[in-house]
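Quick heads-up: it's one chain on its own, the form predicted alone, in structure tokens.
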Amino acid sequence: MSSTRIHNFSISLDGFATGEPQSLEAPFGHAGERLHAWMFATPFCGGDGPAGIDDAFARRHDEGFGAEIMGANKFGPPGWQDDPDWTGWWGEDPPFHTPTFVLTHRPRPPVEMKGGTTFHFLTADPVEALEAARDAASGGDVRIGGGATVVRDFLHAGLVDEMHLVLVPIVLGRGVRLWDGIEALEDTYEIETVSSPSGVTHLSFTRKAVT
């Protein structure tokens, strides 16, 4: 069976995956691009940084995935559901190149984009959403793309096989926090950490084998 993975998911030292308030002009609120500056600097993302640790982790973003699940707040700013022409932040050729499932309380017909991305909008719990994504993934892994609320929901449901977090050395103080209500992940996952010269720390969580 395919794996369910989270990759390149950045959080601040105090656990926030986005700032506030989110808007069309500021997708990550007062955090700006600070949570993702490490990734934008990599050769994988067209930056002029070294082909080192950060680049190696960033490149895994495209490896082996056949579908993606994301929350409504990742797909667009507050109120995007009222705009029938809104097709996401990413232009005509989004970076997913797979069936992509957007969890929303206001579903709409699928939207086919260039490059192989088709957005499907559904109201579903994590188990139902994962079943739909696996059916569409053609044997590939399913990426849980965020935001923090969706990641938290899938962790609570016990559906995440691997998770790559990037701890960025900033303090946001407010926003959407990943860790609220999450505890004792060390009981379920093997956890490895790798520090990067850029200042970020990569944390890899791999589900422990059931004995």
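This structure is a prediction, so every number in the text was calculated from the model and none was measured. From 1 onward, residues are counted along the sequence shown.
Missing here is the form predicted in complex with a small molecule; even so, the following discussion is about that form.
Taking non-hydrogen atoms only, Asn8 approaches the small molecule to within 4.5 angstroms in the predicted bound form. Not displayed here, the small molecule is approached by Pro27 to within 4.5 Å at the level of heavy atoms in the predicted bound form. Looking at Lys74, you'd find a heavy atom of it within 4.5 angstroms of the small molecule in the predicted bound form. Heavy atoms of Gln81 reach within 4.5 Å of the small molecule in the predicted bound form, making it an interface residue.
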